[in-house]
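As structure tokens, one chain now follows by itself in the form predicted on its own.
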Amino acid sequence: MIARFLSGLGRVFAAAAIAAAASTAFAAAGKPLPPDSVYQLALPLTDQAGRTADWRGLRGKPRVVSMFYTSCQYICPLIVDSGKAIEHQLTAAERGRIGIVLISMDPARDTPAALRKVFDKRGLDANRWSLASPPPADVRSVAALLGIRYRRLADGEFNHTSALVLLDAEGRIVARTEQVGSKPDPAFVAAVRKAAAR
């Protein structure tokens, strides 16, 4: 009887192992991106550590995304404040399931060193935050995808939309707010929590 039990247990483990292997193989093969995913755009990003990778590597985790530039003295620091304020509204477990990505609209000046300077000055957590620059030719494309308007001024500054966009794990836009600063938009925080729970 014990032998039959152990034999049955072995079959259960074998079936579980086969299922796990099939699941891993499926994940490795990768599902097609949804048609409305922003990750349909191939976009190399170079982050504050000088690493360059296509942003499709961000797939798999919800992300709060915005655009900024490091020399901005007014609105962009508030965008960073917004991300930090949203973090503070989340539990540790929720924070672990969310990423925050700020994409430069001024890649000519936002070198990895410039990005790193802001990253360190603001005390951002490398487990969640990434500040990154796209190639100059791609700035307008990514801004259009995120619904962020910008215009370069004669003095080198920018007029731009101040918005936070929440992407689900597949890169679909699921929420957006233009409320920036240390008091986060409650509806947006609720959407982030909901995304983190999935």
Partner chain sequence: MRRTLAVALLAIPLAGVAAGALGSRYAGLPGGMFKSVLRYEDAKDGVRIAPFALMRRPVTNADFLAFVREHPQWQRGRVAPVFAEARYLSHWTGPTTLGTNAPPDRPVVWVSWFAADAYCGSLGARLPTWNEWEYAAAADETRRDARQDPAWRERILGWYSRPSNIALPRVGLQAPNAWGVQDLHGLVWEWTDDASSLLVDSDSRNQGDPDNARFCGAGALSMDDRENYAVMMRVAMLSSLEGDDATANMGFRCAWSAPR
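Numbering follows the first chain given and starts at 1. Remember, it's a predicted structure, so these values are computed and weren't measured experimentally.
Missing here is the form predicted in complex with its partner chain; even so, the following discussion is about that form.
- Residue in contact with its partner chain in the predicted bound form (any heavy atom within 4.5 Å), chosen from 118, 72, 100, 86: 72.
- A heavy atom within 4.5 Å of its partner chain in the predicted bound form is found for exactly one of 58, 165, 45, 145: 145.
- Taking the partner from elsewhere, residue 50 is found to have every heavy atom lying beyond 4.5 Å of its partner chain in the predicted bound form.
- Remark: residue 158 counts among the residues lining its partner chain in the predicted bound form, judged by a heavy atom distance of 4.5 Å or less.
- Using a 4.5 angstroms limit between non-hydrogen atoms, residue 151 touches its partner chain in the predicted bound form.
- Taking the partner from the other structure, its partner chain in the predicted bound form has a heavy atom within 4.5 Å of a heavy atom of residue 37.
- Here the marked residues 125, 174 and 193 all miss its partner chain in the predicted bound form; none has a heavy atom within 4.5 angstroms.
- Residues of 115 to 143 lying near its partner chain in the predicted bound form, listed in sequence order, are 140, 141, the criterion being any heavy atom within 4.5 Å.
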